[in-house]
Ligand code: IPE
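Have a look below at one chain only, the form predicted on its own, in structure tokens format.
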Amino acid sequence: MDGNGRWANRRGLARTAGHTEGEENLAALVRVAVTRNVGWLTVFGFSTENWVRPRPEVRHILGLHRKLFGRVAELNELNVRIQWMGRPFDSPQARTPKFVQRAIRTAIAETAANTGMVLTVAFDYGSRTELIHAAEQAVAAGETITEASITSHLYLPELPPVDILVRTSGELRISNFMLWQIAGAKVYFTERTWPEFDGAELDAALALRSPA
């Protein structure tokens, strides 16, 4: 979900205003995705590399994620189940604050019975870190390193392979996001920043899906 800062800068606003707008747009896109019968929506909320950003900006983003995971009533109304992936909370390298951890656990528990779209938020997430973790877990279990053993030890092995990867804000590159899972995925690039990504853009991305 790239381009929040650029969206704000073009309007003479603080970068934090862009992150706020981006969080609101995610809520709007979730509602749209539900009407498009999207089964799985996974978003890159905060990376393992993002902790180096200025402290005020990081604090603001943390507050927005607590708010995002706090939208339980709305998610239940939409029949959306929320989950999270990132460095395990008990990992020595984990950086997720306790107040965000509590919000994540509560949201997961209170939407667990929902049977509609699965919304996965990647927070304190990096794909290379995930792959190292998967390999370490496989070795600890006495397994041979194979494609199957790596897949089974990903943070959320139940996630289906990615069919469409969306990259906003004119960035023509792949970030450290689900590198294992996006093998074979189609990529939708758009010049629009994340706060500007709307239902029409989502439809254009979904049009890349192979016919059933």
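For every residue, the number given is its place in the sequence shown, counted from 1. Predicted, not measured: the structure shown is a model, and the values here were computed from it.
What comes next is about the form predicted together with the ligand, which is not displayed.
Q: Scan R53, R59, K67, K186 and let me know which has any heavy atom within 4.5 Å of the ligand in the model of the complex.
A: In short, R53.
Q: So which of 157-165, 142-150, 41-49, 178-186 is the stretch with heavy atoms within 4.5 Å of the ligand in the model of the complex?
A: Only one stretch qualifies here: 41-49.
Q: Whether G86, R87 and R95 jointly form a contact site for the ligand in the model of the complex is the question; each needs a heavy atom within 4.5 Å.
A: Negative, none of the three is within 4.5 Å.
Q: Just checking whether A205 would be counted as a contact of the ligand in the model of the complex - the rule being heavy atoms within 4.5 angstroms.
A: Flag for A205 set to no.
Q: Which of the residues spanning 1-27 lie within 4.5 Å of the ligand in the model of the complex, based on heavy atoms?
A: Going through 1-27 in order - heavy atoms within 4.5 Å of the ligand in the model of the complex - the hits are M1, D2, G3, N4, G5, R6, R15, H19.
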